[in-house]
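Quick heads-up: it's one chain on its own, the form predicted on its own, in structure tokens.
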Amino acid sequence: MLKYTLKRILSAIPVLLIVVFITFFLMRMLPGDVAVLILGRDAPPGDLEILRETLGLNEPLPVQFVNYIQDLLRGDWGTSMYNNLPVFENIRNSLEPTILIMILSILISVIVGIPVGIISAVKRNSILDYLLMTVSVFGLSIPVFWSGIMLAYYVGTLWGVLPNMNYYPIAEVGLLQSIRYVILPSVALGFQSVASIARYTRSTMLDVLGDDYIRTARAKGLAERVVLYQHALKNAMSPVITHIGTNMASLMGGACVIETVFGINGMGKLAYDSLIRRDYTQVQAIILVVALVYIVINLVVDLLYKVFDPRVELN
């Protein structure tokens, strides 16, 4: 397993290089002038030119790219063009609420989605199955921003159950209070994943429940609970784990929307604001961090295959 892990880490290097290359040149293709966005349209041309030179934007694109790669290799991720702070410091300051939202969203997705899928598969073609799958289709159809706005209005504003705006760090108000500020965005973000995981779990469970070894286990007189959880679910979990891993990528994308809706200064909102400001270095750093996280998630998912199915060979 160690050999496989090292092999995957080494294979991630060219992937990261491709991500850096594409991100760098795509950002430069966006319309708009960073210097104008920072100083304003009425700024003197001389000041604009000085700022472009300071930011290194007057160099040819290949030269800018080589300089950027050299800085990355030295561990220098760059300085934000907007607030002149190191981009990694901005990311670190925005990371806490995003991590909490992601963790809660994933927990909600898994804890609710997998049992719903199992129940729907066991009660196949029943009224309960139709009801659960109808709710799942409804959940997949709802945009994240709409469910966020509805939760913010009804649960936060109208009923006053939970806060619907802002976020206060754990260091200031404690873990439990900080979690209260991210419950609504986490539910809004996780709702689609619950529906997706439920439908996928139902599909894989139905495939497994039709196999011969399940019929044999039932013929031997094993309790239905043992058949479902020790035999069927264990073998159905490998594709479900893959689906959960891919869902994490969509959750990271949805965080950009949901943090903007709830006014939370997390990674998603930082990415959105940086893109609007044409803050090249900041956006490049955020995308690189997201790519690293996604590579780690894929690696963990592959390693979990071995846990749920010892027959899997990791090469």
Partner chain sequence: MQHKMKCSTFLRKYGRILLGGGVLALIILISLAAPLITTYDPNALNPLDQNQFPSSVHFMGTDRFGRDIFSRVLYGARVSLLVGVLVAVISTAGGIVLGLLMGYYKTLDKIVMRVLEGISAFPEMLLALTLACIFGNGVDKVITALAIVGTPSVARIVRSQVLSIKESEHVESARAMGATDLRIMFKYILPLCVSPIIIRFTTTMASAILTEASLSFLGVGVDPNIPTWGGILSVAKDFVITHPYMAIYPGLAIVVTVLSISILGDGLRDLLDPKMK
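Positions refer to the first chain, counted from 1. Note that this is a predicted model, so its numbers are computed, not measured.
Below, we refer to the form predicted together with its partner chain, which is not included among the displayed structures.
J.: Taking F65, M81 and I170 together, does each of them reach its partner chain in the predicted bound form with some heavy atom inside 4.5 Å?
T.: Checked in the predicted bound form: no contact with its partner chain for any of the three.
J.: Give a yes or no for P31: in the predicted bound form, does one of its heavy atoms lie within 4.5 Å of a heavy atom belonging to its partner chain?
T.: Yes, P31 is a contact residue.
J.: Wondering, does M252 line up within 4.5 Å of its partner chain in the predicted bound form on heavy atoms?
T.: M252: yes, in contact with its partner chain in the predicted bound form.
J.: Indicate whether K234 is a 4.5 Å heavy atom neighbour of its partner chain in the predicted bound form.
T.: Answer no; every heavy atom of K234 is more than 4.5 Å from its partner chain in the predicted bound form.
J.: So in the predicted bound form, does T157 come within 4.5 Å of its partner chain, heavy atom to heavy atom?
T.: T157: yes, in contact with its partner chain in the predicted bound form.
J.: Which among 66-74, 275-283, 36-44, 49-57 is in contact with its partner chain in the predicted bound form, heavy atoms within 4.5 angstroms?
T.: Selected stretch: 275-283.
J.: What residues, if any, in 220-248 have a non-hydrogen atom within 4.5 angstroms of its partner chain in the predicted bound form?
T.: Residues within 4.5 Å: none in this stretch.
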